[in-house]
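We begin with a single chain expressed as structure tokens, specifically the form predicted on its own.
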Amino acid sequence: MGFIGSNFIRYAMRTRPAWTIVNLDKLTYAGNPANLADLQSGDGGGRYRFVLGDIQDVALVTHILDDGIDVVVNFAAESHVDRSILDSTPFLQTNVLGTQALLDASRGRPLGRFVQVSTDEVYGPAPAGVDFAEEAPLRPTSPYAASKAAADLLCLSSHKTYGTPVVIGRSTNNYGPYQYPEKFIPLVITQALENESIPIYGDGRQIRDWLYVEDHCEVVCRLVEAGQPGEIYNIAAGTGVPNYDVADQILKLVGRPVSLLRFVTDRPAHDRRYALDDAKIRATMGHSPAWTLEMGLEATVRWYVDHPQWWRPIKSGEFRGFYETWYSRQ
């Protein structure tokens, strides 16, 4: 019940009324049962079921697939780059071995699709003026990105070797409701709402392409329905905004001073710029983002303002220990 996965379930339940969804989740630190509590309590109308478990458990995954599952969408991932620098082991276990287990359990089954949710970070930093297309070489620079690149290669090899109907979607940075507050945008929002200092790496001019999570969810739905097995699809918003400017926009939305921003030592191997060429998915799926950055930031800020009961307990628990450990190193 992580950030993108829980948003996808909500979005698919709302926009694809014929779908029934089984959610397998280990509930690690960023997995929050509150994200889908209403569906779990019965609001899903019998179309949603939660299973507590690990995607590395091939026997469990096999049992679930035996229950008539015809599509697998793999959102499961350790995804915070900073944590991968401190300890890459969980990233290899979930992102690589977990993907392998899902592929092994899927082998030989009459699946319609196996959708692998990936990231633009597998390409590494994009030089100024360059937007990476799907054929670009993989040059990951963090343990997290390397684990996702390895998972993508496992998926493609499973398609070639066993005919697994793998479809890979590589998206730019997502943001929106239910995002764990260690990530940049919810960190800025929640720190600002509490009038606490906001750490900004280096000079704050790292460029990211911010994709509102519902735009990503719609693309994943289309990949489930019409993605071509063996193909990779870049998913982008086309924003390309420096982190400092995003933080400044958020501070204006919540009415807090820019003096809350605190520049800290840049993290190791911090990619300066990410940028994707998403012409393929626009042409083949007819998709273009519905949310501008201004619309998405306003909606996201409003959600965090309206849901302090969701994020305040998080920030007083495991999050606090990581935050203090990590930023004391900066």
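One-based numbering along the sequence shown. Just so it is clear, the structure is predicted and the values come from calculations on it, not from any experiment.
The same protein has a further form, the form predicted together with a small molecule, not shown here; the description that follows concerns it.
Picking from 154 to 162, 168 to 176, 248 to 256, 223 to 231 the stretch near the small molecule in the model of the complex, with a 4.5 Å limit on heavy atoms, gives 168 to 176. The three residues Arg10, Ile21 and Glu218 each lack any heavy atom within 4.5 Å of the small molecule in the model of the complex. Exactly one listed residue, out of Gln206, Ser84, Thr239, Thr190, brings a non-hydrogen atom to within 4.5 Å of the small molecule in the model of the complex: Gln206. Of the heavy atoms in Tyr274, some are within 4.5 Å of the small molecule in the model of the complex. Proximity of Tyr123 to the small molecule in the model of the complex: non-hydrogen atoms within 4.5 Å are absent; the residue sits far from the partner.
In the model of the complex, Phe114 stays away from the small molecule, with no heavy atom inside 4.5 Å. Looking at Arg267, you'd find a heavy atom of it within 4.5 angstroms of the small molecule in the model of the complex.
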